[in-house]
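Only one chain is included here, represented as structure tokens and corresponding to the form predicted alone.
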Amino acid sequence: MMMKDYSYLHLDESTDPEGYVVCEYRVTTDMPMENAASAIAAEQSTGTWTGISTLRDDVFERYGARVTRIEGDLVEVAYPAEDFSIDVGGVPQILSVIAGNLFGLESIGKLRLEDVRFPSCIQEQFSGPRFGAEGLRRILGRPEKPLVGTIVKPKIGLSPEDTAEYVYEAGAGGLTNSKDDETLVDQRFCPIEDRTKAVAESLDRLKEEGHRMVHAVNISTGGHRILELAEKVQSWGAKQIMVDVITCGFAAVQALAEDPSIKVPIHVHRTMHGAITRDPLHGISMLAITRLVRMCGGDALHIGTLGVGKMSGGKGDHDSLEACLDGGSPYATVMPVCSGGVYPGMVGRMIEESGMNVQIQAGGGVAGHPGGVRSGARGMCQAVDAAFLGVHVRDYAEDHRELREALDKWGIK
């Protein structure tokens, strides 16, 4: 039987953005770029490594992916919206198409998913953030200034009582947010029930003293019980929950965001993302991950430190920031969280890069302050206040002791 040779190249044709999921890939290969692009489109839609007798013209025309643009090492591939499941598949099935076997194609060297754009017929399957950046601001009564938070340190080893005391001291120093670290969930030295209840008491104490604060309890666990755990920590007094999205999966975030029993914001941590995003020529960009987190309903998301701190991803951080706040999206905006080696002397530069709609978050930059956690919290708040007022941090520190002590220890970056 004669096998027809189908072409996936459509470089001279425009595609209806409402009919396709459009992906941009960075391709590093020794083969002609047209061949590499065609191999990607074929592998992820109707083709395979050889001609097949079961591929008909109507199937190819309706379901075959299209290579719509090649510019240098950037390749744009449009996948028909009908290639994606309705409701049931969600992000797991989306990723199997746009970021699946293509990474294993031996004939192509390196491959990176740089961006993805979805038509409204797929976007409407997702509700997006229930609270988002504006919802968090309403909860905290902080309409304009950047949010300022901490991560309880050390990340593991503290008891529930130690954790609650840390949270109280941080709030007494003025912080609006705190959270568990990504490795702490329900270890024997700090059971999640005891920790959540103890922290809730600290937050209630702060509220009685006139200060609003939320703490994100890490509920990262197996998909079959994450909703149950979220409901439990709510009943124990949690004001916010945290999910490690790469390890738990995008579907875990979506399940929490869409379940009516979950009535608190979802703080999304990106731990392990570096294994996927760090190579600039291979893997998946943080921009693509951010778009998926926002679709699935994350209310706040770690984006790095915008070229300043230890978790800086350079341009990728800025792309992620823009995707969190993009007003052209049908979803509520996500609160971008700058975290990773943050200290007061970095805050001014970060806020110059981010603008005011951001959450600045420091662990060691609070707990490592010479005066302890409360002084560290004050130093961070003073640095944020200086940036908000447009005053250089060194000048502001002249009348603010905690900030001055932080600058003396860590300097200005």
Ligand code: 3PG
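Note that residue numbering begins at 1 and tracks the sequence as displayed. What you see is a predicted model, and the numbers here were worked out from it, not measured in a lab.
One more form of this protein should be noted, the form predicted in complex with this ligand, which is absent from this view; the next part is about it.
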Between the options 202, 339, 277, 178, which residue brings a heavy atom to within 4.5 Å of this ligand in the predicted bound form?
339
Residue among 77, 151, 238, 94 with a heavy atom within 4.5 Å of this ligand in the predicted bound form:
151
Which of 66-74, 25-33, 374-382, 341-349 lies within 4.5 Å of this ligand in the predicted bound form, heavy atoms considered? The stretch 341-349
Is residue 225 part of the interface with this ligand in the predicted bound form - any heavy atom within 4.5 Å?
no
Using 4.5 Å between non-hydrogen atoms, is residue 182 touching this ligand in the predicted bound form?
yes
Quick one: is residue 364 in contact with this ligand in the predicted bound form, heavy atoms, 4.5 Å cut-off?
yes
Any non-hydrogen atom of residue 302 within 4.5 angstroms of this ligand in the predicted bound form
yes
Within 267-281, which residues have a heavy atom closer than or equal to 4.5 Å from this ligand in the predicted bound form?
269
